[in-house]
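Same protein, same chain, two forms; see structure 1 and structure 2 below, as structure tokens.
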Structure 1
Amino acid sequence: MATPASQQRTRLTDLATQAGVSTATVSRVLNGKPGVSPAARQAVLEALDLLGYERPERLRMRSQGLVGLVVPELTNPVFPLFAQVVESILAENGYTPLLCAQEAGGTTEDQYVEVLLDHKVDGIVFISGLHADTTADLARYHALRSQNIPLVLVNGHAEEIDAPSISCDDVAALDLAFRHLVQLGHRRIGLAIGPDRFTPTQRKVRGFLDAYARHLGEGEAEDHVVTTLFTVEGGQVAAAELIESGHTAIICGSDLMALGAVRAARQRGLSVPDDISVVGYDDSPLIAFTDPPLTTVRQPVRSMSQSAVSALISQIAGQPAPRSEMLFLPELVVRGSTSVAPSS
């Protein structure tokens, strides 16, 4: 039977391994001693949480306030990823996040905002909210700003809203994907995308059309765009249409759509990537472990989240935050779902 001393050594070793630091560093953090970098301290705190250990009283940071975090849903794994990273950065800065995740037919964004205001939050981060819907009434955001509620908008810039805006550069993302496929010899490249009322959709379509003209310079690029839903089923439907019309490569507006495109290809007895190349978007968690591992365009989630939280905290502190949109460059991650174009 383990003694208390051996249990303590085991805990220190487990925490050190998880955090990637020495047991001495773990000990200094747990005992509140100086000489530990902020990064190492945070790594130990995260290890405590991940391994299910209760934080010692001295390590329980007093909350500086509540911050609302509103996401459209949790089915698409990129939204839980954003939520996790934003919540972690807020916690590092002493704020307690209140996550509001919507579901179809459930609590709406406006209803969540009412709850957050009842809890007297210090600010709200909206990720792909109604601000990204070009048909939505933006008066709800103007009302919040009239109450001096600090806001930050992620992915879905709306110039009329008086708030900092953080976005991934969708136009650059589509150029990265398109250039990759052209270099592999593809000339029949299609785009499977979600509803066109959303700002990110419109930008991805614009990026595709620009890339088509720049790299191929022939034909009607609009004929190679199929609009459905940002879901596996939506990707499957769009890919089926693109495959039937002779496309050898498909760029998708989300990783979920890309998984649907792979399904559509296999239903027709085609191989990915030998017959059809597929590119996703987001680099969601676990996407590297699909069959085949998905080539995708990665959103810089941590950098975007860090900037969003910094902009919000600046506003909470009464400091000015930039009202112009901050665009973050994506990264192409090449894996196993793309290959050279099949010979005719």
Structure 2
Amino acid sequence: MATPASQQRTRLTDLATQAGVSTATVSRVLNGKPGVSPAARQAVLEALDLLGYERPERLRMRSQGLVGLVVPELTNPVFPLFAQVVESILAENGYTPLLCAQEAGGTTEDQYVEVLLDHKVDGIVFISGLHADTTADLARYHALRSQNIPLVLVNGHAEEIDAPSISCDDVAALDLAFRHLVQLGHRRIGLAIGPDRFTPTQRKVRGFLDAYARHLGEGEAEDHVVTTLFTVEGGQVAAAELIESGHTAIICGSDLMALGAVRAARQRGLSVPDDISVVGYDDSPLIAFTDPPLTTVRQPVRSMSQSAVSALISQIAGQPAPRSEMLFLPELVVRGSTSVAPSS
């Protein structure tokens, strides 16, 4: 179908504006001409997609192969975020990502892995998978490695598995959150966290206990840790218990738990942050729009994903990948859910 010249011009202009390049560059990319930097080419592709135009046939690349990406669920918005970022980096590298998202009662990690193997994936990235569960049998991962399947493990280091491992530094995260609350004058600080058989939970608890000892002296720090589930309801239950026992500040194991903690405070007629300060974990998408906007510890999702994909691609290329865990530093994003401790 021929496009009138005027429409063609509008489209070039739109694309150039969106991509931040000249119309000449857009035209070169669309016509497959040389002399365009990879960054400009990628910007034009993104602009085509963002504005919803179809890519011309000649801009399509043949996939280098399949990579499985296993995430535990999509309810916590940090997992769709990881999925989207890892997928786009895989695609930039010519791999087609297949996202395996679990849900309670649905397809399990093992079932997904079986399917991925049946379909000869080139490698698998596990995000918060069973490798993070200290009670899970690691034989499943040893079996994959003995078949020479390249793996990368994100957020849940298991020393025994022969694979690169990438995590957000949970101990550092807890120290960031704790220090922020102490500086605001809080002394009754609690931790609301999910099941303790997961490595990230154990590390966050350790970080909390370390920070407690460092900032508030010895004491019975364990009394300030309440273990429930990593959900809104889990946060609500844990926070209720911490508020009842006189805490003025609650650090949560996930942003969802933090939203539950805000709800628990309000149910008791308390204000966040005037009466109770709440810190989340993840900095999930949209969390800046909550009431109040959540102070939270941001996982560096993009750099973690970049390293995960690099480590996987090295292995696929037959190069050795680092075996020691790569720890990524989180940052504290201060918004409206934390404030100075109430003077009691």
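Each residue is numbered by where it sits in the sequence of structure 1, with counting from 1. Being a predicted model, the structure only gives us computed values, none of them experimental. Each form is matched to the other, and the largest set of C-alpha atoms that superpose within 1.5 Å is called the rigid core.
A.B. asks: Do you think the form predicted alone is shown as structure 1, or as structure 2?
C.D. replies: Looking at both, the form predicted alone is number 1.
A.B. asks: Using a rigid core alignment, state whether the CA of Thr17 is displaced by 2 Å or more between structure 1 and structure 2.
C.D. replies: Where the cores coincide, Thr17 still shows a C-alpha shift between structure 1 and structure 2 that is 2 Å or more.
A.B. asks: Taking the rigid core as reference, does Gln319 move its C-alpha 2 Å or further between structure 1 and structure 2?
C.D. replies: No, Gln319 moves less than 2 Å.
A.B. asks: Please give the CA displacement of Val36 between structure 1 and structure 2, in Å, after core superposition.
C.D. replies: Value for Val36 between structure 1 and structure 2: 3.5 Å of C-alpha shift.
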